[in-house]
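A single chain, nothing else alongside it, follows as structure tokens in the form predicted on its own.
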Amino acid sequence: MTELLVGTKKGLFVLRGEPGDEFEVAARSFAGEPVEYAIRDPRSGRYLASVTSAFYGPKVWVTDDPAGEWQETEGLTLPEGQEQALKRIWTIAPSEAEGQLFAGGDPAVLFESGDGGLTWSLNESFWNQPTRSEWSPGAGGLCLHSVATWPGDPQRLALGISAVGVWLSDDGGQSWRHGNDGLVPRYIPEEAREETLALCVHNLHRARKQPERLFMQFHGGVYRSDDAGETWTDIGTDGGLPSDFGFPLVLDPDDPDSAYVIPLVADLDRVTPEGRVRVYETRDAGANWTARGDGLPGEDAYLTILRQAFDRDGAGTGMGLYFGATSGDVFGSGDAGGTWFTAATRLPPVNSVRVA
């Protein structure tokens, strides 16, 4: 049995089923409210959900049973006297340290928890970066949406932010530095690119078995780093992608040469190219990309898949892949993208999909 946590514009849906069959709605929480992101911490079994209330702002809630009662967590606040307000929690990520989690949000803020997500504190080193006053939001805000931990080493972190690029830490978040060498922001005039901080990272993931390798979906570009994020190589201009613009990104944890992306046409036309829903896979670190679409809509399907709405289950040839669209459809594969099935339809617009 596979369990999916689907955050939508109108609540959290827990879907359960077997790959190849339509999934059932096993539970629904936060009815009518936008759920940006939800995960199950594999270490504790605890569920965590980021909810953006129109009245109370962004909150993170926890539970041991997604069909039961949820508890509001504490500490997700910015320092007093700030002009900026906390707008959204984009991601929640387990750390490599026992009991620790990270939460990233808007305005480019990083929170930490040492008790499994019950209480949170601001990472002040990142909040107090000297250049913060120069940071610019992307179209979706000033989003800290990616936290890439290093397997076995809680000291090494990489952050992805729209639109402030990649940030690296080797001391558990006490200090930070840029990791942007090689990124080309084609949306900025060429003469202004060299000194800009407006680097719009869309998604960032680390290869589990080769942690110095990272893959990135950029705002117009797919990139790979082989030196832990210090420098980047464009792998999206050649090799078979119909477009190098997109948001979602998934890696096979057993294969450091693997990556999956779902291209969209462009920043001004954020739909699947040619009305065909296709997931593109590389197994040679981005030299070549292959379309995987058997069972996915092949015509007149202009879908939008958001950055957190793509996840995987397991690894290798039997890896599960699941993604949701703003159309309210959720699709799945039980064979690493070889074939696809429809897991759910007619949900509210999907913000995130995570395998529990």
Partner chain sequence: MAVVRLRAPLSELAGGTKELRLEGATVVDVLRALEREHPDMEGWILDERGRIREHINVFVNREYGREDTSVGDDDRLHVLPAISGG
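Positions refer to the first chain, counted from 1. Quick caveat, the model's predicted, so the values are computed rather than measured.
Missing here is the form predicted in complex with its partner chain; even so, the following discussion is about that form.
- Taking the partner from elsewhere, no residue among His205, Lys209 and Val279 has a non-hydrogen atom within 4.5 angstroms of its partner chain in the predicted complex.
- Heavy atoms within 4.5 Å of its partner chain in the predicted complex are found in exactly one of 89-97, 115-123, 182-190, 169-177, that being 182-190.
- With the partner omitted from this view, the residue of Ala163, Ala259, Ala158, Val109 that lies near its partner chain in the predicted complex is Ala163 [heavy atom within 4.5 Å].
- Contact with its partner chain in the predicted complex, judged by any heavy atom within 4.5 Å, is made by just one of Ala198, Leu142, Leu251, Ala285: Ala198.
- The closest non-hydrogen atom of Asp238 lies beyond 4.5 Å of its partner chain in the predicted complex.
- With a 4.5 Å cutoff on heavy atoms, Asp153 does not count as touching its partner chain in the predicted complex; it lies far away.
- Using a 4.5 Å cutoff between non-hydrogen atoms, Asp267 counts as a contact of its partner chain in the predicted complex.
- When contacts are judged by a 4.5 Å heavy atom cut-off, Pro242 does not count as touching its partner chain in the predicted complex.
- Scanning 115-146 for heavy atoms within 4.5 Å of its partner chain in the predicted complex gives Pro137, Gly138, Ala139 in sequence order.
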